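Presented as structure tokens, the chain that follows is alone, the form predicted on its own.
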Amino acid sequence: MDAALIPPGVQRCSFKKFMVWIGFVLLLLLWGLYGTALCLIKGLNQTHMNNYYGFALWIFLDLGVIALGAGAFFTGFLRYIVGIDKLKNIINIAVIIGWCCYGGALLILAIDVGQPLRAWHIFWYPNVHSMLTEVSFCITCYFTVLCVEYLPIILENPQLDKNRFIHILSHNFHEYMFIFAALGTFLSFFHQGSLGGTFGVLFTRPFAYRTGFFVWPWTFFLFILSAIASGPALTLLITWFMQKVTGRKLVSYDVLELMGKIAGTLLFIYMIFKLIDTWYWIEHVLPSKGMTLADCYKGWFGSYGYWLLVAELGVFGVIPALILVCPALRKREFWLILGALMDCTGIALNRFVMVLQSSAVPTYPFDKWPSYMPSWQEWATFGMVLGITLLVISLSYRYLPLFPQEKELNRN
């Protein structure tokens, strides 16, 4: 039965090996479900959130996976709207990664609400003055779009595809996918920007506060740029990792190189604006609030030290941007993967400082730098999201035709 579900013309490991792998994934998932159950049953006292850290680890992870999941909408935009045909060989896995990232973000948000049974209040009693309301609407709508984009991939399973109605339905979905790609791009641009704008308008938090264009702080645009710079890099990394784990060529190297070029170009543009924004923040925004750069960092080393600024902008910002925009380096696998990994790390670091360091910087003379250590329940909920992601990608790779080039590349 298992063999009949595997797409024809491809090779997969034995069902026994596959179930051993799924067993490890389920253990991770069960650990995550246990931590999640404690948070839902006993409440948010299971976390280490406090008056200083009202966002804590969850929102950092939420912002991180949403940014890294941007490869779905931006790859879809480039494939269906711009018309880069070569991306058809990687668009399926980009959609699945995006589905996992956004689905995981929604799960974490449902737990973070504290009373998930009232989560529907966001939609029925919206705070029309809050950017987080717009974010909630857009993320939910875009996840629905991702479900629609994922559906035709599922329908291409060899057993399902034998049904004439399903075959025609799947074909028609692909014919009109450009509509969903355009809708997903529209929704994603707004919620990515609003996530950044939420921090940029915190005028009592000078570390995050920014001036901007009309009603939009600069963080609105920086979050969009950083997301579309890191999303393709994560898709590249996961595809490459899948090739190494399975021992099969799934996409040609020129497709991976193209994804690296896209990520690198966007990261280069993002870093230009990010450096300008940082300079303006240091020279104008902070003095206008009666603060200096030294007030926003706790020395050079340790928690919240200057090393975070150097790491985010230099080590994991400028360096990967230069690596990925250089054609000679992109053609070498080591540098391509290193650049993509550093790209994702830098964007994740940006979300870390925006969420946690913004809350930690003292805003009153008598305040101290508060420390924060996530509880194991917070890590467990992220483990649940990771477990779901591994499970979905594993099942999709085994039973769905994700990579159009796989048969040709492994013909010998």
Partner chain sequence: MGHEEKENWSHAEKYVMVIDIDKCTGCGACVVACSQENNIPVRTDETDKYMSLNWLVIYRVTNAQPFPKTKVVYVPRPCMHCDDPICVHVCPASATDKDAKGIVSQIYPRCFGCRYCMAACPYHARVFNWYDPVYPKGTERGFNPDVSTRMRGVVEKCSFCNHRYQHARDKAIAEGRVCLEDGEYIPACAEACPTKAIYFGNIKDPNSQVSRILREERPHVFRLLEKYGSEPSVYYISRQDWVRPRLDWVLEEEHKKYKNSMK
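These numbers come from a predicted model, not from an experiment. Residue numbers count along the first chain shown, from 1.
If you look for the form predicted together with its partner chain, you will not find it shown, but the lines that follow are about it.
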For this session: Choose from 93-101, 124-132, 75-83, 324-332 the stretch whose residues reach within 4.5 Å of its partner chain in the predicted bound form, heavy atoms counted.
Result: 124-132
Problem set entry | Position in contact with its partner chain when the complex is considered in the predicted bound form, options W216, F189, F203, Y306, heavy atoms within 4.5 Å | F203
Seminar exercise, completed: Exactly one of V113, M242, L106, I282 comes within 4.5 Å of its partner chain in the predicted bound form through a heavy atom, and that residue is V113
Exercise. So, in the predicted bound form, is T363 in contact with its partner chain at a 4.5 angstroms heavy atom limit?
Worked result: yes
For this session: Using the partner position in the predicted bound form, report whether T36 sits within 4.5 Å of its partner chain, counting heavy atoms only.
Result: no
For this session: Please run the contact check for E257 against its partner chain in the predicted bound form: heavy atoms, 4.5 angstroms, yes or no?
Result: no
For this session: Would you please decide whether L29 lies within 4.5 angstroms of its partner chain in the predicted bound form, comparing each non-hydrogen atom pair?
Result: no
Exercise. Even though its partner chain is not shown here, does it sit in the predicted bound form so that G43, N50 and A119 each have a heavy atom within 4.5 Å?
Worked result: yes
For this session: Check each residue of 209-243 against its partner chain in the predicted bound form and list those with a heavy atom within 4.5 Å, in sequence order.
Result: none
